[in-house]
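Take a look at this one chain, the form predicted alone, written out in structure tokens.
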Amino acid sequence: MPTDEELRDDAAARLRAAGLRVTAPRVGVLVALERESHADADTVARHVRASLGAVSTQAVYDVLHALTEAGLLRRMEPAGSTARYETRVGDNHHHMICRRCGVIADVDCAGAAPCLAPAHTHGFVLDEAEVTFWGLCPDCQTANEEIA
């Protein structure tokens, strides 16, 4: 696992490469999401505050929006959940979500984007298919077996 200093250096380099100013909140958000992928805004804010001190919730939302717009973050909205963010961008991967505990795991796409093709496109030019697999994670399966 990279050190916090390595994560901060990498975050600063990614911000510069995207043409964005390097600020402590932006670096903090990227580091937080490297440490805990698929986190919601409140979780990211807690991580950022733990490392930087006082940072407003609105500032964290602004940073999440700016980094998503710049292509440095991916925003996903699982059914029944708040928006989640991750730093894995630029590929066509999908997600598995546990119905019980909500843990989210990345799943590589089996083909090229879009990996699914509808019977009729209605004139759309497709470039991505967002697939979410739902089930029980290994921990929740074990808990299920222990209850039964």
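Please read these numbers as outputs of a predicted model, since none were measured by experiment. In case it trips you up, residue 1 is the first one in the sequence shown, and so on.
There is another form of the same protein, the form predicted together with the DNA; it is not shown, and what comes next is about it.
Of the listed positions (104, 70, 59, 109), a single one reaches within 4.5 angstroms of the DNA by any non-hydrogen atom in the predicted complex, namely 59. Each of 54, 63 and 83 comes within 4.5 Å of the DNA in the predicted complex, counting any heavy atom. Remark: residue 132 does not count among the residues lining the DNA in the predicted complex, judged by a heavy atom distance of 4.5 Å or less.
Proximity of residue 22 to the DNA in the predicted complex falls within the 4.5 Å heavy atom cutoff. Using a 4.5 angstroms limit between non-hydrogen atoms, residue 97 is distant from the DNA in the predicted complex.
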